[in-house]
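Below you will find one chain, with nothing else, as C-alpha cells; this is the form predicted alone, and questions on how it binds or moves follow later.
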C-alpha cells in the first residue's frame, strides 16, 4: 500500500520524536507538537493504519507507538531530512585533522574520535587496503644490526609496515644499493602490479640482495591481502542509551564490537564516492543484533579508498545527525588528504 503524504509525515514525526525521547509517541503529542490543525481522532486513525501496515508497534494497549524496523528503513530512504552541522561542529572537524601527521594510523584514530564525539555513539574505523594504490617509494632503514624497518609511501599513506631481517655482514652501502633497486623496480607501480609480477630475471644480477628483495615483495603482498586495522572509539557511550540498560542487550552488542572479523564484515563496502551504507537490525546481517544499527561511509580521494568509518548503536539512532557527521568528516578529510 502506497502511503499518503499525511501518513508519511505522521510516521516521520513518530520516528523523530521517539529517537529524541525513547518514549512511545501518542496521538496527543503529535497534534500538540506538529499537527495542531488536525484532530487527535484523525491522527489516532492514521496511527492505527500505520500499525496495521507494520510500520508501528504498540508496547502496551494504553501506550503510544514506537517505530518498527520497516519504519526505520522507510525513514532513512525517504522521510529523513538531513541535519546541517553547526559552524562550531565543522570547525571541530577541521581542527581535528589540521596539522596532523600523514600517518594512516593517526588519521584513522582521529577520524574515529571525531565521529564518536559528534554523534555520541560508538564509532568504528577500518583502514583501507586498495590494490590499485600507487607505491611512490619503498625504503628500508636499519634499526638494528640485522633488522631494517620497511617504509612504504603511497599517494595517500605513509606505512611503517614490516621489520625485515637482514643477512649477516650487510653493510650500509649494500643496503643503500638495495634501496635503489627497490626504487627502480617497485616505485610507480600499484600493489596489484607488484603482486602479479615475476621478479626472478629482475634481480638475477643482484644475487646478494635476492633473499632480502623477495622478503620486501612478500611484505607488500601480505599487506594488501590482509584486513585493514580496526579502531574503536567511545565504547562507553553505548551505556548512555536506555536500550543497553539490559545486560543481555549489552552482551549482544559487545559480541560484535569485540570481534574484528565481524566488524570488518560490517564495515566492508565498495564505492566511487562518499557512500553511506545503513544496516538496520539483523535483517540480512546475521552479525547485527536485532535492536542494533550500523551506519558507515567509505571515503576516497583521487579515486583511492582511504578508509571506511561509521557508528554502531541502537535502531533508535539519530540517523540524520549520524549521516551528516559522516558526510562532513568525509568531505573535510578527503580535501585535506588530496592536498598532501
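This one's a predicted model, so the numbers in the text were calculated from it and none came from an experiment. Positions refer to the first chain, counted from 1.
A second form of this protein, the form predicted together with the DNA, is not displayed here; the remarks below concern that form.
Only one of 292, 47, 295, 306 comes within 4.5 Å of the DNA in the predicted bound form through a heavy atom, and that residue is 47. Contact check at 4.5 Å (heavy atoms) against the DNA in the predicted bound form: all three of 6, 37 and 51 pass. Remark: residue 57 does not count among the residues lining the DNA in the predicted bound form, judged by a heavy atom distance of 4.5 Å or less. Contact check for residue 64: a non-hydrogen atom falls within 4.5 Å of the DNA in the predicted bound form. Using a 4.5 angstroms threshold between heavy atoms, residue 25 counts as touching the DNA in the predicted bound form.
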